[in-house]
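Only one chain is included here, represented as structure tokens and corresponding to the form predicted on its own.
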């Protein structure tokens, strides 16, 4: 039986690339995205044909907790077997403290942190029943290195990475590993939204003096999901080109 991946926020950027890599490795995939996307559906169909895997969609807005519960409820009812959960959905926002409205802070935390907690609560029930699983959360170096201008984004990612370490201890007795990846600036639409000065500053901080590639982040996900990482849990893996 093929291994089963559930991934959120995967219709573009790192998540989209991860879907392709996991499909190539023979995973059946449940893709959780905000709404119907014909272009992504076409991409998924091509992956299914090329790799002989199953890819299905769950549609829900990570801003809406009731929608998340409704969308994921069938997984519990059907007692689906989930081998890997990747909490990848996220949004970015940058502003100095005095320029950060509370509405922005709440929105960023809802998508980046609270939704990941809720999805993990649901999927971990399945993993606890099957007594196995790997959970991978998307952190960020912005939550580790405390850059100015990242009150919303950096704080939300710091929360994600703290959550990762806490639940790694709670879930280890059930054979579930929990880790996070902390990428540096990566070549995605999120990077393109940055101001030129901030962009140049982030690139200059890296020893390799370049952006990360989505494939480089997704390959770290693939490793943490695999049995090659069977003794790794509660870790934050930096993939940042040296910062």
Partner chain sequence: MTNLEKYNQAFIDNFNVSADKLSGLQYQGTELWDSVGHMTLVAALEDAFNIMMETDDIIDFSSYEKGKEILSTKYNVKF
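Positions refer to the first chain, counted from 1. Small disclaimer: the values here were computed from a predicted structure and weren't measured.
Separately, the form predicted together with its partner chain exists; it is not shown, and the next lines address it.
A heavy atom within 4.5 Å of its partner chain in the predicted complex is found for exactly one of 126, 84, 89, 108: 126. The partner is absent here; in the predicted complex, the one residue of 159, 144, 71, 76 having a heavy atom within 4.5 Å of its partner chain is 76. Proximity of residue 59 to its partner chain in the predicted complex: non-hydrogen atoms within 4.5 Å are absent; the residue sits far from the partner. Using a 4.5 Å cutoff between non-hydrogen atoms, residue 43 does not count as a contact of its partner chain in the predicted complex. Of the heavy atoms in residue 148, none are within 4.5 Å of its partner chain in the predicted complex. Residue 121 belongs to the set of residues with a heavy atom inside 4.5 Å of its partner chain in the predicted complex.
Exactly one of the stretches 95-103, 148-156, 161-169, 126-134 approaches its partner chain in the predicted complex with heavy atoms within 4.5 Å, and it is 126-134.
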